[in-house]
Ligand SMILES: Nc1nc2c(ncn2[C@@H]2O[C@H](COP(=O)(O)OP(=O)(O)OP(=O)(O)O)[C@@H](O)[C@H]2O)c(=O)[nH]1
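Presented below, as structure tokens, is a lone chain in the form predicted alone.
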Amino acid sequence: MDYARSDRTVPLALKILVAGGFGVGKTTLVSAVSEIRPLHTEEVLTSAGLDTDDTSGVEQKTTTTVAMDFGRISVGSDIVLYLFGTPGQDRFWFLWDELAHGALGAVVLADTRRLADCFPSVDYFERRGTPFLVAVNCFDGEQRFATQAVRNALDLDPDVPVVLCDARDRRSSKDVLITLVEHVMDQVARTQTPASVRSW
């Protein structure tokens, strides 16, 4: 039986983690950039979590991710990024190994009001050898620290990118993902970035 040939190619599927501390904007970033309706596993914060959830600096936060966020975005017709947002609280760390399995790289979101909250994420990806970047989520009215100051404070290796972003803004979030893909490609010594990445 003859089948009609198709010139369509299957896009390369890449898994990206979005990690960081509690209330740093992971769910917001996935929601802002996803081209599909994102999957969220958020629950309302209750008094039962007062002893475990530190809401200092994010007192207005009323929900928390208890498993993961999931979204998808295409880079031209060649690449599809599947985004997995990790839960930020220590008590959900047992999920991280499953979420990280097969991940190409990770975005570590940082809030300069609570910069220490992203140390566990940085340590995790350094130990696993997973390429990552640090994206400083610039909240309204908060001082924007220079990327070098953030790099020094987190004691990052010189090749780890540090970028500023607004997780609520689609373009800004896309730029973070583009930078991560380019960083990963550099890490694996590929010589050319697909033209579609920068024309996104």
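When you see a residue number, it is the position in the sequence shown, counting from 1. Predicted model only: the values in this text are computed from it and were never measured.
Omitted from view is the form predicted in complex with the ligand, to which the following refers.
Open vs blocked, site of the ligand as found in the predicted complex, superimposed, 2.4 Å to backbone or C-beta: Site status open, zero atoms under the 2.4 Å cut.
4.5 angstroms heavy atom contact with the ligand in the predicted complex for residue 160: Residue 160: no contact with the ligand in the predicted complex.
Please check if residue 70 has a heavy atom lying within 4.5 Å of any heavy atom of the ligand in the predicted complex. Contact check for residue 70: no, nothing within 4.5 Å of the ligand in the predicted complex.
Wondering, does residue 167 line up within 4.5 Å of the ligand in the predicted complex on heavy atoms? Contact check for residue 167: yes, within 4.5 Å of the ligand in the predicted complex.
Give a yes/no on whether residue 138 approaches the ligand to within 4.5 Å in the predicted complex, heavy atoms considered. Residue-level check for residue 138: yes, a contact with the ligand.
Which residues in 20-37 have a heavy atom within 4.5 Å of the ligand in the predicted complex? The stretch touches the partner through 21, 22, 23, 24, 25, 26, 27, 28.
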